[in-house]
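Before any questions on how it binds or moves, here is one chain, the form predicted alone, in structure tokens.
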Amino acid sequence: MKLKYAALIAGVALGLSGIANAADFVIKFSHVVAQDTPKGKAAEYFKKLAEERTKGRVQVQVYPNSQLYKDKEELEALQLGAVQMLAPSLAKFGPLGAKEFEVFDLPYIFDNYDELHKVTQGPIGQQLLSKLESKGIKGLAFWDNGFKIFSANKPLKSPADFKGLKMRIQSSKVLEEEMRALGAMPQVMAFSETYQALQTGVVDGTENPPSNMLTQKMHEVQKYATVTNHGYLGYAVIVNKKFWDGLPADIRTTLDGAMKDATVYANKIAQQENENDLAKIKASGKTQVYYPTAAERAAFKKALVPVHTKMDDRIGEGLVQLIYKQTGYTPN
């Protein structure tokens, strides 16, 4: 979907006026999830730090819950200057031409946050962010959401249970292959449209960290959830490069510091928020939450790990092997 012309011109004008007036830089920070998710809270925390530390020279306007743009629109909006900052999920960069980011979609490539952070907080993560600059985008940080669980209106205790199910996914060739490996039919759909699609039966199920499932009320229209923790959902905080480069050096330095502290905060709360929200889903009584046995988890892993090699040509075998080495991962 193309952006509305009037909205785009207004956004560009706002960004340019910010650069022209060093006393009043405005950063429109748009995202697609609820304000009370880990990402939503981290965006508000960054706003607080940025405005305090620049003594009001920078104003951060946060627009949650797809108020401005949906999934497929927001990256175009950033590149054209209609917004200055986003925190899209990492799967969004594949369609933009940065297919390497889809490595984060590989099922069971990270077993825990420690392994994950060796990549996102280390040199591999920085190398990946640098690949966005040719797209007119400056990558600032990685923010966690969490590890994903499967949900549907039937129990999902083994790969065989997925056969024929229409499963909503983000736009990612890796996630398409993941669902096909389970015998499911992948359905690419905007995050903001998922609840209604689940409610009306357009799709049968989906995958999400518990925080997204709860805050979007998907648990009200999904009878079963299985805590597979099979994949990671995270975000890259990005900014329009032209806007960023046009800021005074001292402002950039201050905002960099605010982003580093907001990232520590974001990643600290993400795990706790997901644990709390999973407990709330269970307490609601609307979704039956199932924890796979060790044998069942091994069966899921056996079905899904072959996706790694199938995606080598797309993501790059060298990058996958580099992550294996960094994390100590063995695909057996």
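Treat the numbers as computed from the prediction; the structure is a model and nothing was measured. One rule holds for the numbers: they count along the sequence shown, beginning at 1.
Absent from the display: the form predicted together with a small molecule. The rest refers to it.
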query: Partner proximity in the predicted bound form: His230 to the small molecule, non-hydrogen atom cutoff 4.5 Å; finding: no
query: In the predicted bound form, Gln170 touching the small molecule (heavy atom, 4.5 Å); finding: yes
query: is_contact(Phe104, the small molecule) in the predicted bound form, heavy atom dist at most 4.5 Å; finding: no
query: The small molecule contact in the predicted bound form: Ala43, any heavy atom under 4.5 Å; finding: no
query: The single option of Val32, Ile27, Ile281, Ala270 touching the small molecule in the predicted bound form, heavy atom within 4.5 Å; finding: Val32
query: Contact residue in the predicted bound form, from Thr226, Gln222, Gln84, Asn208 (heavy atom within 4.5 Å of the small molecule); finding: Asn208
query: Per-stretch contact check against the small molecule in the predicted bound form, the hit in 256-264, 232-240, 105-113, 122-130 (non-hydrogen atom, 4.5 angstroms); finding: 232-240
